[in-house]
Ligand code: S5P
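In structure tokens, the next block holds one chain alone, the form predicted alone.
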């Protein structure tokens, strides 16, 4: 099923917007910008923005964070037509995550179209985040699987995460996962640890190719970090990943 055909299978405005954006822009590439300065983050978002559907941030590692950074990221999101995904990985009780999402220094719910959460605390974490995010039209991803060696997001944990997602379809828009886990076309599957070459880094990150992720494992979005932002020419590398991801999607549709 084409991305555009899946819009009708979700009521969440962020999910609908993402499906539409991917189809119109012809990209299923997300850039993970794990950089530590405001200037690097803004530069990469501007350089690679035309190639991506999602910019994935870790805002709490930016050493010189200020509100001006958020204003500029929002401007670039509109300029280049991509969504912002703050990879916060919430993992606490509902009342705590509600405040982490809307308050504190970062006010994540005010600017991040998408965020994510572990399901270890139970469905209360979804309820807490939903209370803040739903009125703003935001979307939540659940960490159903992870790409690091030896991680515990497997088996019963994964199955319970899927059940929670199905019970909160208005707010949960999909999963961080290694493959498609449910046949429901309304859920979006995003896969990290993608590289043009398979392998493992020295901290246990396991890399998979765009073709394996999109065509064989039937995920929807490839998340690429160092393969792009550590390259000598990030724009050219992003274009390679964008092409590889989109071609894998087109082959899957055949």
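All values reported here derive from a predicted model rather than from experimental measurement. Positions refer to the first chain, counted from 1.
Although it is not shown, the form predicted together with this ligand is what the next lines describe.
Participant: Report yes if all three of 147, 205 and 226 come within 4.5 Å of this ligand in the predicted complex by some heavy atom, otherwise no.
Facilitator: Yes: each residue has a heavy atom within 4.5 Å of the partner.
Participant: Pick the stretch from 46-54, 65-73, 181-189, 217-225 whose residues have a heavy atom within 4.5 Å of this ligand in the predicted complex.
Facilitator: After filtering at 4.5 Å, what remains is 217-225.
Participant: Might residue 176 be said to contact this ligand in the predicted complex, defining contact as any heavy atom within 4.5 Å?
Facilitator: Because a heavy atom of residue 176 falls inside 4.5 Å of this ligand in the predicted complex, the answer is yes.
Participant: Is residue 92 close enough to this ligand in the predicted complex to count, meaning some heavy atom within 4.5 Å?
Facilitator: Contact check for residue 92: no, nothing within 4.5 Å of this ligand in the predicted complex.
Participant: Is residue 34 a contact residue for this ligand in the predicted complex, using a 4.5 Å heavy atom cut-off?
Facilitator: Although this ligand is absent here, residue 34 would touch it in the predicted complex, with heavy atoms inside 4.5 Å.
Participant: Does at least one non-hydrogen atom of residue 84 fall within 4.5 angstroms of this ligand in the predicted complex?
Facilitator: Looking in the predicted complex, residue contacts with this ligand do not include residue 84, since no heavy atom lies within 4.5 Å.
Participant: Would you kindly say which of 143, 134, 109, 162 lies with a heavy atom within 4.5 Å of this ligand in the predicted complex?
Facilitator: Residue within 4.5 Å of the partner: 143.
Participant: Looking at this ligand in the predicted complex, which residues in 231-254 have at least one heavy atom within 4.5 Å of it?
Facilitator: The stretch does not touch the partner at all.
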